[in-house]
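Take a look at this single chain, the form predicted alone, given in structure tokens.
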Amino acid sequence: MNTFFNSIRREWRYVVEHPRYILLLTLGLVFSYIFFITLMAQGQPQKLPIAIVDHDGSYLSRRLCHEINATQGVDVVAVYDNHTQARQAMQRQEIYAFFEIPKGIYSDLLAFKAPSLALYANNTYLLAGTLSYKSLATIGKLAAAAVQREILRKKGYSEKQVMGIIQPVELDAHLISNPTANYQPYVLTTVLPGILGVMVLLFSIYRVSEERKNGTMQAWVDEADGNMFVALAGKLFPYTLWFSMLGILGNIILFYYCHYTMLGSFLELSLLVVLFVIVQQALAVFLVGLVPEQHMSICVGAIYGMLSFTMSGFSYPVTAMIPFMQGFSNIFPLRHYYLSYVDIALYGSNLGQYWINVVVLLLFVMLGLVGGWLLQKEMNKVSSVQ
């Protein structure tokens, strides 16, 4: 234990002499939380700008425009006379979608014809285009149902018969753990811990590889009586405590200040955060032992960390990927953190349901032992040459 504390004191002296690194990482994480929480404060984008092309100018078309403008998700910023004007406005990025009402729609309805409504959405901006399309498509379906209802009423059908024809099967939808379809709970609860993980990975690579780069590896290990594993543990322990505290504090903000769903044990989720930080540090040690050059090991760590966001499964389902990529996703700790988070927070599960993900994370820790062995072997080789 004395050698362990000697290693901690050595690293603590470095922290005191160079506080800017920890300060910048902490401020970076704080900025990430503030940025994402305020960016998505409404849960999902509201009042997206759209336009209407009204060729009819009738009572029905004006009523339809009014109903569209009353929709929470979109905001009618312009009404154009022709299709070209609306298309050019979309190309200038002034609107995300537009609704085109054909000429004679009201007279066609009175003649029991079937007029068609045209909807154009710009899916270059996936989220804005999709939400605009969804809002306008819903309005279009409701308008068709309203017209059908009036026709059936004129024919003498009762209200119960009308609703049975318009909507023979009523859908009772329940959105589990996210009833308002808020984008924040299922994005931020994984993106922000993922950002923390990348920070821990890259900083740990930097600190361990600095000893090799500066030629102080022998002096560093001598503080631990020649034990590389004790030296690594002492070097990384202060950062384990600090980053774990930041991760737990971040979850307190998400689940208690922002009131995201937490059906399970917050203590289990906190322990999972600590394990996630340790795993990232173990991976850093493995990469430093595997890749001798500091800049190369940092580059590999950065690529690996960025890929974890794509492969974790919260933004694009892993089950929809090709079989090879499904298997490939398991080499990223963020994937197993995400699955465990879902079991704890959204399903209220205990360790018996997500233990396999914890076991996989512990296996990642074993890579740190491999990295320590490689560093010990490298140091012994250098010592024998000297």
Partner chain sequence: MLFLKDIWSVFVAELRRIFHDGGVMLLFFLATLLYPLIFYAVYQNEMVWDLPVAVVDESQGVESRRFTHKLNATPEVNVAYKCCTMSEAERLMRQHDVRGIVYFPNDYDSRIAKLETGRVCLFCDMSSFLYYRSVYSAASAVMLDEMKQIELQRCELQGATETDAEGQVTPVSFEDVKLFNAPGGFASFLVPGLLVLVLHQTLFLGIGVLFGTGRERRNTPKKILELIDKSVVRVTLGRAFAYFAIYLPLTFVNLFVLPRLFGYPYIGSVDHLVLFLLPFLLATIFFSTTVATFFRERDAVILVFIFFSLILYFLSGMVWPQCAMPPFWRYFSYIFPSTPAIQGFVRINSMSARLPEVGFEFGLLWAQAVVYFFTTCICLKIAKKRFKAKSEAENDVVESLPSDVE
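The model shown is predicted, which means the values in this text are computed figures rather than measured ones. Positions refer to the first chain, counted from 1. Heads up, when I say rigid core I mean the largest set of C-alphas that superpose within 1.5 Å between the two forms.
The same protein also exists as the form predicted in complex with the partner chain; that form is not shown, yet it is the one meant from here on.
> Does Lys103 make contact with the partner chain in the model of the complex, using a 4.5 Å heavy atom cut-off?
Replying inline: The answer is no: Lys103 has no heavy atom within 4.5 Å of the partner chain.
>> Under a 4.5 Å heavy atom criterion, is Met325 part of the interface with the partner chain in the model of the complex?
In response: Judged by the heavy-atom cut-off of 4.5 Å, Met325 is in contact with the partner chain in the model of the complex.
>> Quick check on Gln294: any heavy atom within 4.5 Å of the partner chain in the model of the complex?
In response: Looking in the model of the complex, residue contacts with the partner chain include Gln294, since a heavy atom lies within 4.5 Å.
> Is there a heavy atom of Ile356 no more than 4.5 Å from a heavy atom of the partner chain in the model of the complex?
Replying inline: Looking in the model of the complex, residue contacts with the partner chain do not include Ile356, since no heavy atom lies within 4.5 Å.
> Each of Ala78, Gly247 and Leu254 near the partner chain in the model of the complex, meaning some heavy atom within 4.5 Å?
Replying inline: So, no: the whole triplet misses the partner chain.
>> Looking at heavy atoms inside 4.5 Å, which stretch does the partner chain contact in the model of the complex, given the options 273-281, 236-244, 222-230, 193-201?
In response: Among the candidates, contact is made by 193-201.
>> Going by heavy atom distances of 4.5 angstroms or less, which of Gln161, Ser107, Asn82, Ser265 would be at the interface with the partner chain in the model of the complex?
In response: Flagged contact: Gln161.
> Though the partner is not shown here, which residues of 8-25 have a heavy atom within 4.5 Å of the partner chain in the model of the complex?
Replying inline: Result: Arg20, Tyr21, Leu24, Leu25.
>> Superposing on the rigid core, I want to see if Leu188 changes position between the shown form and the other one - specifically a Cα shift of 2 Å or more.
In response: For Leu188, whose C-alpha is compared between the shown form and the other one after core superposition, the shift is less than 2 Å.
>> I want to check Asn122: does it shift between the shown form and the other one by 2 Å or more at the Cα, with the core superposed?
In response: Yes; Asn122 is a residue whose C-alpha shifts (by 2 Å or more) between the shown form and the other one when the cores are overlaid.
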